[in-house]
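Coming up, as structure tokens: structure 1 and structure 2, two forms of one and the same protein chain.
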Structure 1
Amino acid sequence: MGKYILKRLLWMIPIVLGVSILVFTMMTFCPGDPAQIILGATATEADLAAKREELGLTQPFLIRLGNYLSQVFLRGDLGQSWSSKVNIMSQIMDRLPRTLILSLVTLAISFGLGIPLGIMAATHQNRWQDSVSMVFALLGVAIPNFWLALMLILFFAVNLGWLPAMGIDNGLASYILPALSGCMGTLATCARQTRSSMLDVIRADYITTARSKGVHEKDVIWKHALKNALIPIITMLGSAFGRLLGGMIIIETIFAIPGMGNLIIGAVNNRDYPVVQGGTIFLAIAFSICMLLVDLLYAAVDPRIKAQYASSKKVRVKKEANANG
């Protein structure tokens, strides 16, 4: 297991390196002059030329790319913002907790409702419960999250006054409407995936055997069927969490939440290349770690996968013992 974890961690290096090169290239060749945006429309050509020289924009692309990769991967420095002159890592650490809380609350709602909904649809296949669950899932995929966010603000914040419309000054209550707005797509996907996995499992012979032995239907579904249907659901859990970390841009903008999404979209608008690049690299690392944790969670849920790790270790030990004679 330790060797597998080390291997996966080493695979993160080319992934993050590739993301860094791609984002740096895209930001370099996208339209817009960072010097003009920073200095404003009243800046003279001499001021603009001096600013471009200060930012290193006059150097050849490959030299700039090499300097940036050396700075990030050899010195571990994401640099500082061109516009605010603030260290990028400190900005990320300041914004990350808000995005993390919002992503966790959204994920809890999505899977807390999506899994029971999918189980209900699978256990009542081709009946009205199945139809209602799948219609709800389709609506969740079809409804744009920005439209849902505006409707929730109008109803719960403006008309009823139950929840804050924006900001984070009201603690956890400030995250309820944003989480509800952002959870629908993930909830719908979770319900559909759970239904599909459960339908495959509940037709298995061991489920029929458990029922024939008189095991209560509730235990058959929740203790036997669901546990064996969790592998694809766990896969979706990890990828969904990674997407939420970097995909809350619209929700954070609508609800004025100063998180990672707001930081990156503001940097894109201001052509603040180092912030965009640093934020994207950080999110790529976070996503890779999420997928590693998902793979490790497989072994905890499915004894067959855990047995594969154990058997491969025994094979290595036996080969080493034979080699040593």
Structure 2
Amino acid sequence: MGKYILKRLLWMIPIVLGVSILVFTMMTFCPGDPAQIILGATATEADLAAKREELGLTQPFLIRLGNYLSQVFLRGDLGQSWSSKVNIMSQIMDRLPRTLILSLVTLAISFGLGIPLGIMAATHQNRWQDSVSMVFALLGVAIPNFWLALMLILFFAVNLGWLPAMGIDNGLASYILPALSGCMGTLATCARQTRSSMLDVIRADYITTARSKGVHEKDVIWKHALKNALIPIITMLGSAFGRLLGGMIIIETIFAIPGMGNLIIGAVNNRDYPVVQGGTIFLAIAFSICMLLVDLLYAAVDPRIKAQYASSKKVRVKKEANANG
């Protein structure tokens, strides 16, 4: 098990290296002159040339890429923001926890409500509980999170005045609306996935056996059935976290939460390439670690998978088969 984790952690190095190269390349081909954007429209040609020289934009692409990679990977330095001159690492360390906590809380709400909702739908198949939760699930997937955010602001902040519309000055209350608007899509997907995998499991012979042994219905559902139905739900967890991290970018912008999303969008608009690169690298690391945790969760839930971790090749094949249905 320890060997497997170490292997996966080591594998993250080439992934992060690849992400850095990809994002650096993409940002290099962005239209617009960063020097012009930093200095404004009134800058003289001489000033612009000096600025380009200072930012290192006059060097050939491969040399800049090499410099950047050695700076990031050998010295652990993401550089300075072009526009604000602030150290990027400290900016990210300041903001990443907010984004991660918000995403994790959102994820917890989605799964904490989505799984019971899915179970309710499955155990009451074709009855009103099923219809209500599935209508809710369909709407949850269809409604865009940023529009839901606006609607929630309109209702709870503007009309009722119960919750703050933006900022993070009101402690926990500031995070309620962002988490609510962020969780709806994942909650809905989770409820649907739980319903369908519970329905698959509930008809299995061992459930009938458990019932005939006189096991309490509650235990049949929550202990016997759910444990086996969890695997496809856990598969979903990883991709759901990725979507949430991405979705948080818009949510943070709407609620003016100073997190990674706000940082990256601001940097994209200012052509502040180093910040975009650094931010993307860190979000990719966070995402990769989450995927690793999801894989470890498989082992915790399913002893069969735990046994397979000895030969990781089998696990990968099984995981891919799971992920692709």
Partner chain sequence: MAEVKAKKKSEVVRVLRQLSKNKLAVLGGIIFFIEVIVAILAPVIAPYDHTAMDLMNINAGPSAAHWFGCDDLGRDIFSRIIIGSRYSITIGICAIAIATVIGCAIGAVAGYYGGWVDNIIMRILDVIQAIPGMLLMIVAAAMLGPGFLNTIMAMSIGTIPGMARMLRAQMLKERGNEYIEAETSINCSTFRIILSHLLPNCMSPIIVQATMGVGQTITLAAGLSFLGLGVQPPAPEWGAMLSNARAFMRTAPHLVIFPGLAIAVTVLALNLLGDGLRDALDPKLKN
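Here, rigid core means the biggest group of C-alpha atoms that superpose within 1.5 Å across both forms. Fair warning: this is a prediction, and the values are worked out from it, not measured in the lab. Structure 1's sequence is the ruler for residue numbers, which start at 1.
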>> Pick the form predicted alone out of these two and give me its number.
In response: 1
> His216: CA shift of at least 2 Å between the two structures after core fit?
Replying inline: no
>> I want to check Asn170: does it shift between the two structures by 2 Å or more at the Cα, with the core superposed?
In response: no
>> If I align on the rigid core, how far apart are the two C-alpha positions of Arg127 between the two structures? Answer in Å.
In response: 2.4
